[in-house]
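Heads up, the chain below is alone and in the form predicted alone; it's given as structure tokens.
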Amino acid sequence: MSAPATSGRSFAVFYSILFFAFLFGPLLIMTVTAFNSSSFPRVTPWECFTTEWFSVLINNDRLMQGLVTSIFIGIGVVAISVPVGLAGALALSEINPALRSALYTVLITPVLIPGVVLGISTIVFWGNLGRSLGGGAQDLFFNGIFLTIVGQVTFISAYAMLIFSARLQRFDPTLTEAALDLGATPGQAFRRILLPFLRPAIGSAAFLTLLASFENYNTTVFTILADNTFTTALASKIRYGTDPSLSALAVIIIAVTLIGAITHEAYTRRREAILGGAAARSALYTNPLGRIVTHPATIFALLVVLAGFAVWKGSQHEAAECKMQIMDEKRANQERLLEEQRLRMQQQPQNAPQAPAQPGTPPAGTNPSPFGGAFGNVAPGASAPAPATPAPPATTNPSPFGGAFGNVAPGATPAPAAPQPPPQPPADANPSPFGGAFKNIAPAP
């Protein structure tokens, strides 16, 4: 084999591994974290195998109530979106081709509008309609579940219309025309000819609209008002802190998806075998045991039994002893770290470099005071020597009041002050307190 062929094959293998790792890597990681006893979703370090996070998920009342609300909303959306989508697809197939593109643009536009805009416009429209009809806050127009259903139908019905349009492109309209020519009414032609032809599309549209309603967040977060759906409750739980119970939810979704996919694959292969010809049908029905084993209902029941056995076996597992050992190991490790830190703190003063002593400063460690010299170099139990009081200079005021009462030392009697003559007003000063209103007459002594 040549070198280019070998390198091309190696690149293909590397790309395939990278592709499947990108697709299934997060699923595998979430599956592993769902069985780790760590309170935070992680693969390493592995602590203990546990199934308690499934119980935590089931006991979360907010999530379970949101799940019930989401199922109810999904059923309502399917019940409205599928007939509306079918009507739109039939209208597109019956009208003039010149108007078909314009109608298609109108019907497909809600899919292109952001979900935030749809949610806000739904609240504004139905709120104004309810107030114009005199409704109150308890009426249907202000109910979060009703607003969510009508808000989701505005764009999810376009998904159903696209599925029906793709199916109707393979329909031969002459079959309906022949039925009408033979005396059938339009209703009979629709029920007997068109509806059986659209049966696979109806199932696909119902399933797709249910999933689109269940996982929608952008529109639902505005229209649900004070209620919660499963998606909004899950988003709020992730926003305020996550735990492995969300990984347990992922495991449940993966298990349900695998059961549905395997059952559908069995149904598809059985249908192909039935439609494959006489040889395939004879090979299928010759062996009764093989016919039972390969039946989709048998495979579905077997998968459900295996899932139930796995759930029962996991509920019998106890991880209390393993978790206690993990806690003891963590406690011992914490005590060891604290002991190492204490030893480092004790060794740090001995290893620290000493600063050079200043002249006139006593050497370090000579202070007998246990307070670090805050009260002077006084040994415990000894009285501090009184400092010598220097004589104040001649110009120094010994008064503690800043000279407000003269130069009087504390505890001394101030000397009487010498009498001072009363101040004489200047010659041009007016001695009258009335500003000269009664001439320059001084007040009577």
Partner chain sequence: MSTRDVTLDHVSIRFGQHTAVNNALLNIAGGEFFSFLGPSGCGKTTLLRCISGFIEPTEGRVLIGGKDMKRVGPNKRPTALIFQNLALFPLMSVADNIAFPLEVRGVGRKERRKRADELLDLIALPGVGDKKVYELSGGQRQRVAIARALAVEPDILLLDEPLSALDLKLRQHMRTELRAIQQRVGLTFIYITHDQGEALTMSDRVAVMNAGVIEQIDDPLTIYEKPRTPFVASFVGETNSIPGKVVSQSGFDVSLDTALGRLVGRSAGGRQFASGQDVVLFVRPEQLMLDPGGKIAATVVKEEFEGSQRHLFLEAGNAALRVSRVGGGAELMAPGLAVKLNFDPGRSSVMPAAGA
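Positions refer to the first chain, counted from 1. The structure presented is a predicted model; accordingly, all values stated were derived computationally and were not measured.
Absent from the display: the form predicted together with the partner chain. The rest refers to it.
Quick check on this chain: which one of Q316, N333, T174, S132 has a heavy atom within 4.5 Å of the partner chain in the model of the complex?
Residue within 4.5 Å of the partner: T174.
With the partner chain left out of view, which of E321, E329, D181, E340 would have a heavy atom within 4.5 Å of it in the model of the complex?
By the 4.5 Å heavy-atom cutoff, the listed residue in contact is D181.
In the model of the complex, which of the stretches 183-191, 71-79, 321-329, 298-306 has residues with heavy atoms within 4.5 Å of the partner chain?
Partner-contacting stretch among the options: 183-191.
Could you list which residues of 193-217 come within 4.5 Å of the partner chain in the model of the complex, counting heavy atoms only?
Contacts from 193-217: I193, P196, F197.
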